[in-house]
Structure formats: C-alpha cells, structure tokens
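What follows are structure tokens for two forms of the same protein chain, given separately as structure 1 and structure 2.
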Structure 1
C-alpha cells in the first residue's frame, strides 16, 4: 500500500511521539503538556522578507493538570489517536467524519460526549497541525476540494492499490478536478508548460479551455472556481516551485481582489500553514480599472461598485503588504473615485475569443499588478 511509505510514515512517527511523550510524562509523574503557536489575530504577521501571512512567535502551553485545559487536552489526544488510526488504515475522511467518529466512540450510555459540536473539534485539529508541524492532509483529513486544471502535464495518482497516470492535456471539456491533498501519493511530472494562468470563474476557464488557450500558449490553465481551496492553493505553490510564473485573472471587484491576495499571500485563517500555500510570485493581470480606459467597449460594460466592494477597497488600502505597491494604491483609489467595478466575463463582449487575446497581450506586455 503506497500510503504507508514516506510522508505518511513521518506522520505516524510524529503522532506516536506525541502520545509517547504524554505517557512518559505520566510515568515520570510530570504534568503532560504540549506547546502550540497561538493562532489569534495578534499573532498573525506579514512576513516581510518572503511575502506571506504567517504566525509570529507567541506560543501557548496546553497541560493536562489544569482545570481550564484538561478537557481540551483530552480531546486533542483523542483526535491524535483517531488520525493515527486513519493513517495506519490508509483511509481518509473529513473533519466532519472525524467528529462523528469521536462522538460515536463514547456511545450513548455515557453522559458526557468527547465533543458535542464540530466547532469544538475543528480548532483542536489545527492545534495538532501546529504543535506537530504536520498539515491536516497528512493526518488523512481531507479539506473541501474545488478547482480544475488543464495543461501540458501529467499527474501520477497513487490511489489505493492503483497507480493511475492522468494526462491533464487529455481531460477534454471537463479538466482534471484538483484534489484536497496534492502532496501525498500524488506527483506532477512532465510539466512542460511555460506559465500558470489562474482564472477565477469556471465559466471563463471553460471558455479558454474550449479555445485551446493552454495548448496554444503552452500554459497550465487553472480555475479555483471562486475562492481557492487549500488543495488548489497548494498546487499553485508547487507549480511556482517548479519555476513557472503564475498569473491570476479575476473580476475587478472585492471578491476578485480577495481571491488574488489569498493565492499570493495566504489568508489569516490559514496563516499557520502560510509558507506552504502562499505564492508571493503571483501577478494580477486583470481585470483592472485601467482596462476600462484602454478598451473602449468596456465603458458600457462596467457595473456600479457595491458597498462590499467599496469597503473592501478601503480595507485593502490599510494593509501594509498591499499599500506598499503604488500600482495597487492607484487601482483601489480609482475604484473609490469612480465607484465602478468590472467583471472578467465582459471580455467576451466583442467576440467570445477576445478574452484569449486580452490575456496574451497582458502577459506579452508584462502589464500586470504586483
């Protein structure tokens, strides 16, 4: 079984060391404890050197002999034990599946459940991820998956007892659905593309895929299908690690910007795995306010910015990692001034294939925001 080797084995080791450490403390009549880096807002920092959101140095200790922490401590150990089982069995579930397993464990005859609500178990999974330095995916807890890809590349998917080779250049209109975990039992080979283009909306991805854009351009065409899931962010990071430039093509509005910055710098709630899912090298190719001036026809296709767009633009102007870029300051100020927004779909206006030329020209002219 391929899952038993390599990375998964490291996970088993870490989970076992965690348990053995606790046992040892008990044997030595010491108070068992473990340390986690704090994930509260005040400990989320922008890493100036590397350009992504990460946790700071503030730590907290969880100990067993502490009235306020004993239950939480016990719960965390229960989670670790279950995940150890999942890895050993080489089976995956979700954080919801884990919750039900733990709720089941104590059964109906015991008054107190380990957990009553999933909102109790979720943060403790993150505690474990941080304390042991292993991502949830390594503990066989899948996150929601979303996102699709086509391009000159092959995927080796070691799935159960099978070794499946998927040519992502031969997935037709469907594309390859990006899984939750792109690290374990999965490999990307023969990556022959020159760059990665990420397109916010699936509709536009389908448009470009139909035109064979990725084939003509020798690119890898990805859509996160809205906000990017963990798996998609991780995959973009991995492709950037292979030296491929990453261009992002989104709506010119609150959501489009947010999706871009999440891909680029990571997000607050995943700051604890920031380095693994952020792609600071990413560039925003559009759509931008300047496009409205450049392409005459877009003037008739703008929309009024909503309150959400305005509020978001104001917020973004306050983030030091955004307002250090004069190009973004200019872009956001123009939104506040004109109160306009623009969707990427508008680029189909003159003809359906216009969007292909738009992207090509932007990349050729290196006309993008940092």
Structure 2
C-alpha cells in the first residue's frame, strides 16, 4: 500500500458518507443507525486456508434511540467528525491526542463529558474502522512508536513537504525507529537482505546489532520490544510480501510464544485487519523447551514458570490454530509438566556472541517450529 492524495480523498468520502447517512435518517424521521461487524470472540474465525485470524459474518446495529447505545453512538459520531477534521487539515495525532480533543463537557447544564477515560474511546475507534472499512492510520490516527530495525534496505519517507531517504544500514547503535504507520507516504526500496529475524527483546537486538549480525548474515534485524505493535506487524508482513523468510526469536515461555503467534496469525482484538498484519509463513527458531536437551548449559539456567505462565500455556493449548501443530502441543505440555521456562538471554551464558551461533545453526539446519 502507498499513501497519497487518493487515500486522503477516499477516507474523506467514507467519513462524509457516514455522516450524511445519519443526517438522512434524521431528515426522514428515522432512528439514526449504522451497522458494524461484531468484534466478539465468538465471531473471530481462524482462516484455515490463509492462516490468519479474521472476523466472521455476524453483524450488529448501533442506533441512537436506544438507551443502552445512545452514548456510544454519540461518541462514535464525535470521533468520526474529529477524524474528518484531521484528514481535511492534513494533521495527525495519536489515539491519546484524539481522546483529549474530545474530553470536554456536553454543555454548561450537563455535568458529563463526551469521554472520561481513553478506555472509552479506543474501542470506538476500532468500531469505526470496521464500520467504514478504513484503518485508523488513514484517519490520521497514530499509536506510540514501538520497534526498531537495522538492515540492508532503504526507506523513502515523504514527511510534510520533504522526501527523505533513510539507509537503515547506517543508523548506528540506535537503529531506525519503526513508525506506527508504515503504509502512508512510506516506501521500502533496495531491499537486499536474505531474510528477516525478529528478536523479542531490545537487549538482544542491541547485542546482535553490536556484533554486526545483520551485516554478516545479510539480514534485516527487527525488535518489536515485547509485544509487537500493529505498525511493526504490518512492516513484517510487507517484508514477507517481498519474498523474505521471517524467523522469530523469543523467550521460551508462553508469553514469548504468544507474541510469536500474534505475529504469525494476528490477534483476536485486531482480527478485523488480520490479513494486513499476520505473517502465516513466519517460523519460530527459539527459544524452545527442546533446547534444554540440545544445549547442556541451559539445564542450569531455567527459571520456574509462574502461575500466570502456566495459565497462558493452558489457554494456548486450547487455540485450534496452535493445537493443530504437534510440535507446539509438545512444547506447551512440557511447560505444564516441568513448570520451567527459558529466557532468550540465557543464550549469552557460554559467551556473549553465542546468540549469533545459535541463530545461524537454527536457520542452517531448518530447526524451527511452524
């Protein structure tokens, strides 16, 4: 996807059609309403053919003349109107900024604000995305940046009136900060890497960057710095679309594995854009419970799994997109049986540069999980 005037015009048109539909209902003395695909867990499906989570076909109607829905309806219309202003003015803000734009009183004689907490506005932004078929980035709403990259490629960033070319192989120790929107006015060119390696923790990313791992291996090195934000997941998807294999290197516990699965299949809360942010072809190179048997030094470096770790592992065993893989069932059951886990940092035990050897060996031997 590429940004530009066409996207802005399309977004403006959809927002205006949304508002005009409500005005037409009022003019015709009908109950103003709009329809949205239901974002409940029961309406989230695993697309077996394409390998990602998506929304099903269940719909729900949001109307104004409904005591249970009136406030949410009004709040959604307020968000749409404000986003229309942002697009027309060609100004961007964060979802936090939008909340403050709308955190004001309904009137002098009404002791109530449009929004009191951001937890009220966030799900309504998602409702609007689903109802109009527009990603929030096209409505000029960004999230906080999260994620860093280094590697053999260039980024063309059209920012304001400038066209900036960024060589992500020349960003030093800090790397290139991945923006929340990697579609509009951003282009990835001159991609010369052989593969993408996604490293859960920033500390391990820094270790590999200092070693020049991505230079030696001709790779693109990414850290989502924990759970991957949607901008980072979208970037991984775009790189996979260019034919690059994607390998993920996370902690050997249910949380690290869950982060992997959100990259691979998308997540339930973002199932409405699953096709755009999931990378089903991604493979998990570690850390795994099987590594404990393969690398003797790890036997003394395990940690005790917490109750939260155990609960998450049990939940993951119930997900059909995970328990269809016998390798993953074995890994999760091993956690439940031994109540142990491994951090990826343990691979620095023999020597700091062992992490490099571990990744090389895993990829060379195709020793990874689906």
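Residue numbers count along the first chain shown, from 1. Treat the numbers as computed from the prediction; the structure is a model and nothing was measured. Whichever C-alpha set is largest while still superposing within 1.5 Å between the two forms counts as the rigid core.
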Inset, instruction - Decide which single structure shows the form predicted on its own, answering 1 or 2. - result: 2
Inset, instruction - Answer yes if the CA of residue 323 moves 2 Å or more between structures 1 and 2 after aligning the rigid core, and no otherwise. - result: no
Legend entry - Core-aligned C-alpha movement of residue 92 between structures 1 and 2, 2 Å or more: no
Legend entry - CA of residue 355, rigid core aligned, shift of 2 Å or more between structures 1 and 2: no
Inset, instruction - With the core fitted, just quote the Cα shift at residue 15 between structures 1 and 2, in angstrom to one decimal. - result: 2.6
Legend entry - Inter-form CA displacement between structures 1 and 2 at residue 66 - rigid core frame, Å: 5.8
